[in-house]
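A lone chain, given as structure tokens: the form predicted on its own.
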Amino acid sequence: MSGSLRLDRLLANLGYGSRREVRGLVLDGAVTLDGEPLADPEARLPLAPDLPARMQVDDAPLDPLPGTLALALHKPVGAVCSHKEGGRLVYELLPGRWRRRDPAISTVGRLDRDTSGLLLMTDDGALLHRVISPKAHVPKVYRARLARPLRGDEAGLFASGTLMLEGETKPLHPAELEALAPQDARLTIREGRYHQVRRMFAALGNHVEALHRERVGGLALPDDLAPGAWRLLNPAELAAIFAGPS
């Protein structure tokens, strides 16, 4: 993000409160830049990349600038990505003020209620569309536990590019399956159709009992990120998304 923005508008866009509330924060000396209190809520600030590291609000670093936030969330089973579903929204796992950010935070694609694992979230529209664009072919890697043992022909059928899902008229793109155990498999897909992984196994007469997304592109779910936890992504991690699995 470039340009400049009034201090009160910046803080309001980041969800710290209404214009009136953030003016109060500034006038109370709660907002500092390079260790010095900022006194004028209407002062214009250059939106430099290092601003969050230099500014503090209530003795905590400023949140990422509008349009620059990107994070990895370990989505737990039971959390939902859409307001149309009943249940706890994934947004409720984030700081409360982030639900007031402008631009708003969105999930990068969706995971259904019963699927866990890596979920990307961002307020950067260009990044979101770059990841989900069919032209990008960003691979997504899932681990599936199945109700019945693998038949043995799944890898070939999934890789053929001819598999049709029920109710659709266009075959799936080729996908890669790795058998890990008789009822345990890793599947890599490059598109994002509705409940795709579950429907792929259903098309072959099997049922997915548990589904976990391990990776998006070259970005793996961090081993130390517990279910329900999140962390901001750095530039190298964002670049890894488009590098593909290592």
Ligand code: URA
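Treat the numbers as computed from the prediction; the structure is a model and nothing was measured. Numbers for residues come from their place in the sequence shown, where the first is 1.
The same protein has a further form, the form predicted together with the named molecule, not shown here; the description that follows concerns it.
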Proximity to the named molecule in the predicted complex (heavy atom, within 4.5 Å), stretch among 190 to 198, 214 to 222, 57 to 65, 34 to 42: 190 to 198
Leu111, heavy atom within 4.5 angstroms of the named molecule in the predicted complex: yes
Touches the named molecule in the predicted complex: Tyr142 (any heavy atom, 4.5 Å): yes
In the predicted complex, Thr122 touching the named molecule (heavy atom, 4.5 Å): no
Partner proximity in the predicted complex: Thr107 to the named molecule, non-hydrogen atom cutoff 4.5 Å: no
